[in-house]
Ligand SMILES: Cc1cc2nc3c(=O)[nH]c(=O)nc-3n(C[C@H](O)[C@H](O)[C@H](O)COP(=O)(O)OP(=O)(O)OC[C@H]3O[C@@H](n4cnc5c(N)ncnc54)[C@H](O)[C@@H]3O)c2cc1C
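A single chain, nothing else alongside it, follows as structure tokens in the form predicted on its own.
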């Protein structure tokens, strides 16, 4: 048996392996699979539950949120200054946030890699040198272009309007195989078509001998001098999933893949990492959605969830991506109360939706909290704050160009607006706290670099000043990407895994 639940274990649990990987998401699954395939004895420890993809795909949206979304999808980055409160959604389970993505797969953009090479001294991170890693992951997770015929009516309407105002809309690439466009990607695919790591990578790791232990909360890294020799934590085997008996994993190499939200906590509690940098530089890709009502029936939930995007405004830090949210969630977020809310909710069948994100400069900090979760603050950079009005207004204008009757802006307390009302509205004058904002892309809180004074890990993911200790998740990406990061994280993780020395020499 290779999948174990510590929830069912009685007493302390002590394990031994060559490599312990903390976290089973996009990065942890990749590294565990690559190292197990190289013949190493690998143990993966995961805080969340193990819910097979077939079972997840049959859950109601509310069940999915309750079981595999961290904090029931209510995690907030606390705003500082003129910044919106940002709802940051993350997965918590075997497969991590990979289970909850829309499947979007972008390579690390060449301009981003150029910045890493020129400004940060990461000379091995060039488009040419990263090509083999990108290609390897794309094959493993079956990245393919979404056919135009799988676009929803809402997406086609946005594309029609976007073309009229000078935006180019392109087909998205996603990690799917046999997708029928049911639009359920974020809550588990009912048809097993999304090739998240619990489907594409972890079974291969298990086939090569890796073992996965769910319901394990890692507190600290165990060090022998400067060498990492294991991890300690608690089994979540008490009532309600509370920490209970002790967990100890002895290992010859420790790989941290707990994500940008939690990796800094593990390092800090262990007394490791450059304190001047650790937990800082967090980027989020602050994102905003736009709803538009048309006379025609749109049924925006029919079609691939994320099938098209536009990067025409990327030079200004803006990327637009298609999306739709479940009808039940959408209905609850419509403006008004009582009868007004009910009337607005009846419009859902006529609503189209699109979203936009900011290629942000950072401004987030991960702080150690009183319990198991951190509290995270985020101060939006002045440049990013200035971009928000244009990002939002342009989406509305695209929908009006396609014939929309009214739009619902991501502004708290604001009713629907027609085209004339939009022209009269000065979005620039609204305070940041009025905007609804979300993120699915926390990055950069344990960034890599060429100098131990300005980074937490080196270009190979090794924590400066240590031996046998690596960080491989999105926290090491030193800047935001301006695009969905799933493929980028997996690509960097592949490179880091392939660059690790033989275990006897680590």
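Here the structure is a predicted model, which means the values were calculated and not measured. Residue numbers count along the first chain shown, from 1.
The protein also exists as the form predicted together with the ligand; that form is not presented, and the subsequent description refers to it.
Among 19, 210 and 270, does every residue place a heavy atom within 4.5 Å of the ligand in the model of the complex?
No, because 19, 210 and 270 lack any heavy atom that approaches the ligand to within 4.5 Å in the model of the complex.
Can you check whether residue 85 is within 4.5 Å of the ligand in the model of the complex, heavy atom basis?
No - in the model of the complex, heavy atoms of residue 85 and the ligand never come within 4.5 Å of each other.
Would residue 364 show up as a contact with the ligand in the model of the complex if we use heavy atoms at 4.5 Å?
Residue-level check for residue 364: no, no contact with the ligand.
Could you confirm whether residue 398 comes within 4.5 Å of the ligand in the model of the complex, counting heavy atoms only?
Outside the cut-off, so no.
Under a 4.5 Å heavy atom criterion, is residue 494 part of the interface with the ligand in the model of the complex?
No - in the model of the complex, heavy atoms of residue 494 and the ligand never come within 4.5 Å of each other.
Contact segment among 271 to 279, 328 to 336, 416 to 424, 253 to 261, judged by heavy atoms lying within 4.5 Å of the ligand in the model of the complex:
Flagged stretch: 253 to 261.
Which of these residues, 104, 146, 404, 391, gets a heavy atom within 4.5 Å of the ligand in the model of the complex?
If I apply the 4.5 Å criterion carefully, the residue I get is 104.
One residue of 409, 352, 318, 90 in contact with the ligand, assessed in the model of the complex (non-hydrogen atom, 4.5 angstroms)
Result of the distance check: 90.
Only counting heavy atoms and a 4.5 Å limit, does any residue of 293 to 332 reach the ligand in the model of the complex, and if so which ones?
Residue within 4.5 Å: 306 only.
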